[in-house]
Structures are given as structure tokens and as C-alpha cells.
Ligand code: GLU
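Presented as C-alpha cells, the chain that follows is alone, the form predicted alone.
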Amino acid sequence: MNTCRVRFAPSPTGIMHIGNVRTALLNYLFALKNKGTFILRVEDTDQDRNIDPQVSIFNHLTWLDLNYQEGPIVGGSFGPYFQSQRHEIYQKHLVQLQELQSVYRCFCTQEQLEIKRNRQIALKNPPRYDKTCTKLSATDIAAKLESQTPFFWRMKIDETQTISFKDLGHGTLNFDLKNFSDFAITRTDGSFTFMFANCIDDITMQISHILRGEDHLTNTVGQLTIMRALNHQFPTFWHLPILCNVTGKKLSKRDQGFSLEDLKNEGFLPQAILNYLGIIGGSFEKEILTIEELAQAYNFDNMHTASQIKYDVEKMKWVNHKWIAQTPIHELVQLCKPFLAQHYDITELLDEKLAILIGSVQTDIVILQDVCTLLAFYFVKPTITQDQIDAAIADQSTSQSIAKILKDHADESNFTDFFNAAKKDAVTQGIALKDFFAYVRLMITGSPKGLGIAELEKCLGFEEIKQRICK
């Protein structure tokens, strides 16, 4: 296959988690690097567990700016792109396998299979199907069909053969088929299993490279037996290391940062999430990278072979902090607005004033929701304790002198006259201007550092400033 075609094939049966995002990202980067096609395919055959894919998949990919060239909504030449709409395609390939005598009917019930499985485990043997139904005569099969005994189709595994395929992370992998069992490709209701549908989709959509989690490695052998039977060229694989938490355990819903929606709601930027997921498990000279830079930095001919990679939310926060710090202020204002609106009434707050406020704390924002705490002083008058004053200005007599100076000039008619007169008196009395400014900021904002005094006056107004520092 000369054309690069990759696919992201999620199931809409749960939340979009960080492992899904990394799989989508690496497929996207691979297509970008190789001038290929990035395809979205929705594996929605488990109708009992499906949730609305519009929420779980499309909206999240749009938010992440991982735009697919083929798939639902945008279309393409290899659709439909929902598995639930591809039954006829699967049926056609099942008929081909029947004609090739590569499959057979299995009439065993789940109860019978469970008994066999438990017996094998008790004997310390690998739990594999014992090929009972391959021994049925044509007469036996006809009788069972006549009596409408439920059955499903199994794929024949030739135990004398081996399967070899190329994996970008592991090199050439070889598997002895004597260690594998004939597997189901349909259910008794006539629907098709994940193993079969996934494989037929990859064949008919002409997928050249399959990038998916290490946990799918055992599926690969079975799917390649189907491809071999249908005389289809094997794609190249990359079985991605599984993400685990900092303790080394596989990520679960209980781990912080597992859900993409949770990360979005906390205020992680999509660029930062993708940047972090792109660099973990690798070595990069520069760590803050755009999608295009990530694609260029990846060497897909020399990939990581670890079975798992640690996912560290604290490191992702650092990456997010860097992205926020370099975000243009007019963009950051729009990003922060929804978070501020959850806590404060900002309906009458102009973007110009927000830009001053947010710009003053931009380098302190780690995740967007931090802006609510950092700018709380604007919406809620801070209560200042003597301990806070003493922590900012070591000499208590100095802070008391500053307080008196400010009160002495409270009758000034405008901010410029008030502040210049107070500052002049402070200098005359030998008070260090750093202490003077620290005290004024502390009384206005609750912190001795931050916005310039003139900017604070622009945001809060002279009367509010006086109320806070001349009390």
C-alpha cells in the first residue's frame, strides 16, 4: 500500500477518555507526517450501550481541532462510517469465507462453552474451543438447522501455521497459531462481532496503518487470519503503550484527568492536552509544540516499545501553564469568560477591562478556572488581616504610617491627586516605595503583588479604591 490511510475507531459506549484522545492524536500525527488520510469510524454495533456519539466523539474532536478527512458528516468514498450501517458489507464477506470453507457453524450454547472452559482451567490447560462442531457430519448439521438450533459462525484457525506482521514499536512479530482458538465472528442473532466487523472495515476502507492500544494485540492475530483467508495484504501496525497512572496502574475513571470532558471543564486548553499526550513516552528537545511541530518531531520508524507510559496530570498542568502564558490576551479573555461567569456576574464587564484584569494574572494561571480565584478581589472586597499586613511589611510601624497617610488624603477629588500626594508624603517620611505599593495593593486586592495601581483604579474606580484602602 503506497497511500497512507489511518483510522480512529471509537465506540460511543462511554466517556471520551484520555486514552482515546492519545490514540486519535497519534493517528492524526501519522497521517499529517505522511501526507495521508485521517478517518473517523464509529464502532456502534453494541446498541444497548451506545450513548449519543454527537457528544462523545464529534464535539470533542472538533474542540481538539483533530479534523478527519473521511467519516460521519463529512462523508467519503468508503462509507458508511457507522458500523451499525455496514451489515450488508459484513454479510458479503461472511459469504466469501463460507465459500472458501474458512468458517463453520457452531451450535454450542454459552452454558456448554462455560463448562468446557472451567474444565480446561481446572486441568491447568489454556481455555480454548475444542472444535466440537467441526466434527459434525452434514446430516448432523442439517438436522440442527431443521430444528432451528441457534448457531453462530466461527473462523477456522490452522494450527500448523504462523502469523507474522510488522509493528512500528515491536518490529516484526511472529505468532504460532497453535496457541490460538477458533473464534466467533457472528452472534446467534446474526449480528457480527467486534473482531470481524473491525477487520472487514479495515479491509474495505483500505487502511494502510493501524495505530491502536497494546491491549488489542491479541485481537490482531485473529483479524490477520481473516485477512489472510481473504487474500488481503496485511497493514502495518503500531500497538501503542497503555497509559497508566503515576503508581503504574492502568488508568481508570477514578484517576484525575481520565475524562476529556473533566479536563475541559477544569480549564485545560486543547493545544496543551494534545501537546502533553504527544510528548509523553518520548524524548523531545523542545517540549512545548504545536500539532505541526509534533508531527515533524516524531520519528515513526523508531518508536517506543514500552508496554505502558505514565500519565502525569501535574506535568500536563505545567504544559497548560506554558500555553496559557503565550495565548494572546484577546483570546484568553474569551477563554476565561465562561469560568468567571460560573461564579460572578460579568454581564456588564467590558472586554477591555477584562483584558487588563486577566493580563495582570496571566502568568499565574495554570488552568483556566484559576482565574476565578486570582480575580476574586475584583468581584468581592477582600478582608485583610493584620497577619497578612505583617507578612507583606515586616515593620508594623511602617504599615501604620502608610495607613495614616492614605486616610489623610481621602478627601482628594480625583485618583491622580490622591495617589501622588500620598506617595509624596511616604517619601518625605522615609517609607520605601516598595512597602508603600505593597500595602496599597494588599488592601485593594488581598495580595501585595499583581496589577499596577493605575490599572487597578481603571478597573475598580476611585471610590472603590478609597473604600478599600482608607478604611
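Note that residue numbering follows the sequence shown and begins at 1. Note that the structure is predicted; figures quoted are calculated from it, not measured.
Absent from the display: the form predicted in complex with the named molecule. The rest refers to it.
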In the predicted complex, the residue from F284, F175, F194, W323 with a non-hydrogen atom within 4.5 Å of the named molecule is F194
From H209, R86, R212, H93: within 4.5 Å of the named molecule in the predicted complex by heavy atoms is R212
Per contact check vs the named molecule in the predicted complex (non-hydrogen atom within 4.5 angstroms), the hit among 360-368, 164-172, 194-202, 313-321 is 194-202
Worksheet item: Heavy atom to heavy atom, is A9 within 4.5 Å of the named molecule in the predicted complex?
Response: yes
Is it the case that K156, even though its partner is missing from this view, gets within 4.5 Å of the named molecule in the predicted complex, heavy atoms only? no
Hey, in the predicted complex, is D408 touching the named molecule, heavy atoms inside 4.5 Å? no
In the predicted complex, does H216 have a heavy atom within 4.5 Å of the named molecule?
yes
